[in-house]
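Take a look at this single chain in C-alpha cells; it is the form predicted on its own.
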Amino acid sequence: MLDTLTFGFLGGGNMASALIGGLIARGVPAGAIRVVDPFPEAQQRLARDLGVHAAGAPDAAFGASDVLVLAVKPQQFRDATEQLLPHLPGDGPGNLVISVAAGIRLQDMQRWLGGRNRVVRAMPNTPALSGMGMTGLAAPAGLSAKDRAIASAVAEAVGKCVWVDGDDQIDAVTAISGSGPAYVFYFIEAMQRAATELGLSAEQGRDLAVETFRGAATLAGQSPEPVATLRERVTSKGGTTHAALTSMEASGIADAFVRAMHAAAARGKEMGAEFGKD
C-alpha cells in the first residue's frame, strides 16, 4: 500500500526522521518523500542520511503529496498550516493529513486546513526512534477505511498502533504512552540510584534496571495472563519482593502514579484549548 504513495513531511526532527526511515524500510522510495524544514543543517542531514528531497518551505509539489505528516511543535502548528494551505489542492479528495503534534485537536486541524475532513491525529512516543514505538490514532467519524489503513501503516512503520475515539481519548493516550517513556526512565534512574547505594556501580545498576524493564515488558506482552497475576507470581509472602512492594504501598506510589497520569491528560486537554484559540 505505502509504496504507491507520495509523502510530505512538514518538519524534519527526530520523530519525522524515524517515520521516514521506517517508511523507507517498508519499501517507500526515498524519492517519493519530500521534507520541509527551515534549518539548512536539517535539510542537509535529511538529504544525506535518508536520500529524500528536503527544502526550506512548502511548494506545489510538496502540497500535492498523497499523505502529509505535520511533525512540528504544537505552538508552531497554526503558523505551519498557514504556510502550507496555499499549496494544497483546491479540489478533489485532497491529501490525507496526519498530525503528530501533541494537544492539537481534530476540529482545529480541520479548521486551519480549510475544512478538510481527511485528517488524523496521532500520538507516537520516543521508542519509535528504535522501531518500538506505540502510537495512538484518532480521526473524524467519516474517515474512510482506506485512509485509516494508510494511517495505521505509517504508524506501524515504527512500531505498533491503536485507534481510539476522539480527542479526549488521545489525551489519555498521551498521558499513558506518549509521556510514558519518561516514567520508565524515571524508575530506571531510581533503580540505578538504589543500586549504587547498595554497593553496585552505576553501570551495573543501569544494566540491571534496563534489562529488567525490557524482560518484564516482553513477558507481559507475550503472556495472556493479567499483569497482576504475573506480579503475584514474583511476590512470595515474607520474601524480598513482598518487602519492596509493601514499602511502595505504604508510600502510596501506585496512587501517586495514577494521579500523575491524570495530570498529564488534563494538561493535554489544556494545551488543545490554548493552541486552538482564534
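Keep in mind that what you see is a predicted model, and the values were worked out from it rather than measured. The first residue of the shown sequence is 1; numbering continues from there.
As for the form predicted in complex with a small molecule, it is not shown, yet the points below apply to it.
Novice: Can you pick out, from M109, A157, I150, A101, the residue that has a heavy atom within 4.5 Å of the small molecule in the predicted bound form?
Specialist: Looking at M109, A157, I150, A101 one by one, just A101 meets the 4.5 Å heavy-atom criterion.
Novice: With the partner left out of view, is T196 within 4.5 angstroms of the small molecule in the predicted bound form by any non-hydrogen atom?
Specialist: Although the small molecule is absent here, T196 would stay clear of it in the predicted bound form, with no heavy atoms inside 4.5 Å.
Novice: Heavy atom to heavy atom, is P140 within 4.5 Å of the small molecule in the predicted bound form?
Specialist: So P140 does not count as contacting the small molecule.
Novice: Is there a heavy atom of L68 lying 4.5 Å or less from a heavy atom of the small molecule in the predicted bound form?
Specialist: No, L68 is distant from the partner.
Novice: Whether L23 contacts the small molecule in the predicted bound form should be assessed with a 4.5 Å heavy atom distance threshold; does it?
Specialist: Heavy-atom contact with the small molecule at 4.5 Å: absent for L23.
Novice: So which stretch, 200 to 208, 164 to 172, 69 to 77, 140 to 148, is the one near the small molecule in the predicted bound form (non-hydrogen atoms, 4.5 Å)?
Specialist: Only one stretch passes the 4.5 Å heavy-atom test: 69 to 77.
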